Ligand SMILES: Cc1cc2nc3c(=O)[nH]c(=O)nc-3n(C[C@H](O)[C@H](O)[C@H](O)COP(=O)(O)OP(=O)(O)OC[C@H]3O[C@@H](n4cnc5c(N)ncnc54)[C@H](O)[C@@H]3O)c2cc1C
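Here we start with a single chain on its own, the form predicted on its own, put down as structure tokens.
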Amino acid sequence: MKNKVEILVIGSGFGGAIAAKRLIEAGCDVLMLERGPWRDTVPNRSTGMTDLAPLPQGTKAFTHGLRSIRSHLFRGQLVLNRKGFVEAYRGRGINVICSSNVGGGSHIYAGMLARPSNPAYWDGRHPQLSKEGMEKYYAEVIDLLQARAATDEDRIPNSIGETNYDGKLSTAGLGNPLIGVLFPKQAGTASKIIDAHGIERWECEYRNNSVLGSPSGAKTTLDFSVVWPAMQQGLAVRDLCEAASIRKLKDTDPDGMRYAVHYRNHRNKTDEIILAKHVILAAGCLNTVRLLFKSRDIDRGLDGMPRLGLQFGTNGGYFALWKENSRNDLTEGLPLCGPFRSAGSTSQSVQVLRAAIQGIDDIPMPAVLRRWLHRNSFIVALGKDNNNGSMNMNYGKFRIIYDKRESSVYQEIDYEVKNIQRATGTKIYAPGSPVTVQPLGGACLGTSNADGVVDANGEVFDNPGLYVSDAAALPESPGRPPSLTIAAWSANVADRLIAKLESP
């Protein structure tokens, strides 16, 4: 196993997979480290892989649901199962859920791909970036993931048009988001297809493509749609390998290596080192920022970054149980149904969506509880918060501090939720501290280390050759599902690195 590589990518979600694909297509030598495993799905089995970890469904919900727990109260992490699906982090005023798989957050996301709520999101951030320059990346990712908006012809069960409480809920004036799922060509009939890479997947059956993963491959996840095709072109992937520290090499390496990345190989239970000329951090917002803090403050392997940990945001993340007691089986349909609002509401900044409780049919539980879950759902909301949170590391404890009272988006969400309850005669139960699966910021884009951590190339100020290509670099909450924006940023970082490598 080689211990030197031109480009090392840490993480395989939207920030890592897109960058790795573009770099390998440009002829670069690329190695990817991913702490999670390959998941047992129809597409991955069709590639011939055999060492696959189960999704957290059926009895595996109890054994493979939770990977690890982190908290601002203790150092390190409590690892329950290295092949588990999610990591839960509890901070001061905020709770965060992160996924752990080859394909990253694409297994837990609902397939929604959207541009930022502000069309000029990228304007004024950096002289080398603009809406026009970034738009091509949005279009390319949408095409790559074959995302499209749902239509009436798709006959999706439990759309708001069908379950709108006699007109008390409305979609008027709200955009129809793009969805990264394989819609059936013939509504009501899910068929198996084979894509251009020879990968098998099933069309969406509107039953089980939720936050617990998509066994059939109906939801377009990055493992089979981006990572696997890149591997056929030379990308090397080491799964179950968790980066622990990044150290800038002090002595000149004869092969031009600039960084030593220490990582834990969970397969062999060994600590290993890989040297790289360029390192692209895409471990997910929390783990990217935590790794930078640890590498700088604990291991003394990196320099500078005075703005590290600032401008943390939740993208208005909000989850609550919606006790609808519906006559319908609400587990049918897309993972997220919406956006919608109470009839007469004029709010444009907040998106409210119904989240189906899918993937539970094979989980052992009392029949009465299963029937109750089928008739109820979750409320999901998001919007542009003020990125008023912060992250730091103190005596080895990684901490996030966030106060939802400092972001008006949470007041708007509460207002919308109260209107929905009042209009429908239902109850919605939310925790006191927000829960987000969309953390961002902490290593933000800027023009210098006085106002950011990375430049327009994604390169970390004070640490040449080290890049951030995931949500940690986003300068502001997009106010809409962030996956597409993360992917566009990742493509930008990759293309700028390619241009640098190709320049004389």
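Numbering starts at 1 and follows the sequence shown. From a predicted model like this one, the values you see are computed outputs, not experimental measurements.
The same protein also has a form predicted together with the named molecule, omitted here; what follows describes it.
Think of it this way: in the predicted bound form, the named molecule has a heavy atom of just one of Leu336, Leu310, Ile360, Ala320 within 4.5 Å, and the residue is Leu336. Only one listed stretch (363-371, 155-163, 95-103, 115-123) carries heavy atoms within 4.5 Å of the named molecule in the predicted bound form, and that stretch is 95-103. Using a 4.5 Å cutoff between non-hydrogen atoms, Asn208 does not count as a contact of the named molecule in the predicted bound form. Within this chain, Ala20 is remote from the site of the named molecule in the predicted bound form, having no heavy atom within 4.5 Å. Taking the partner from the other structure, the named molecule in the predicted bound form has no heavy atom within 4.5 Å of any heavy atom of Gly316. Using a 4.5 angstroms threshold between heavy atoms, Glu200 stays clear of the named molecule in the predicted bound form. Contacts between 449-478 and the named molecule, taken as any heavy atom within 4.5 Å in the predicted bound form, involve Asp470, Ala471.
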